[in-house]
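Presented below, as structure tokens, is a lone chain in the form predicted alone.
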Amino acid sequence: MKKRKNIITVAIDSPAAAGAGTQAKLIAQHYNLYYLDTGKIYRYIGNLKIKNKKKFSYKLVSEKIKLLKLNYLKSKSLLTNEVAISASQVAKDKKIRNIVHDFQQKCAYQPPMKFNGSILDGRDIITVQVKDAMFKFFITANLNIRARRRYNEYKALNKKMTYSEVLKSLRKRDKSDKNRKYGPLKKTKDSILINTTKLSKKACFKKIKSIMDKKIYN
């Protein structure tokens, strides 16, 4: 693939509800970067599987991904726990990951010219998708804090789930993400650890911005 030269590339890996998406959006806005929430792609495919139980196939996934537009990933229908579980299951499939890989590579290395670069967050961005990223962050937080954040998100969307159900779901999701055969979630030696457990959104972004500014402007 032909890559755009002299662009900023940011790769973020994190467990669910650690705050990576929020930080990625803030980074994208501040540095004018093309943002892709890769987890939403798998949620999109997971939802596709739910809606097409009998017709679901690799061909269908391939056709849909080729026509995928980022606004499709903003649908609130992708935020249910059922979709999250389905997404975790399809993400284990190597053939599906290969289909998604090309789409992610294009977003990372060929962002629209109006952007200064790209930022991708997910589970295997540093380890697989954007190994040579200019910036690599591993964002995490305490499981109970993450469960509380996700619970509040569901509550705001009027999703009827108890805190204990969310906690159980996240614990199961963590296990699946860390132990899957292809693209498991893990921190690399060259990635910078950002723990958001005791950090506000503003404080976390300030910390990341300080790291990025040193490299970009010095």
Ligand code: C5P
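Sequential numbering from 1, following the sequence displayed. What you are looking at is a predicted structure, and each value in this text was computed from that prediction instead of being measured.
Although not depicted, the form predicted together with the ligand is the subject of the following passage.
The partner is not drawn, yet in the model of the complex one stretch among 63 to 71, 156 to 164, 174 to 182, 26 to 34 has residues with heavy atoms inside 4.5 Å of the ligand: 174 to 182. Proximity of R97 to the ligand in the model of the complex: non-hydrogen atoms within 4.5 Å are present. A133 falls outside the set of residues with a heavy atom inside 4.5 Å of the ligand in the model of the complex.
By the criterion of a heavy atom within 4.5 Å, Y151 is excluded from the residues contacting the ligand in the model of the complex. By the criterion of a heavy atom within 4.5 Å, A16 is counted among the residues contacting the ligand in the model of the complex.
When you look in the model of the complex, the only residue of A147, A87, C107, A141 with a non-hydrogen atom within 4.5 Å of the ligand is A87.
Counting a residue when any of its non-hydrogen atoms is within 4.5 Å of the ligand in the model of the complex, the hits in 114 to 142 run G122, R123, D124, I125.
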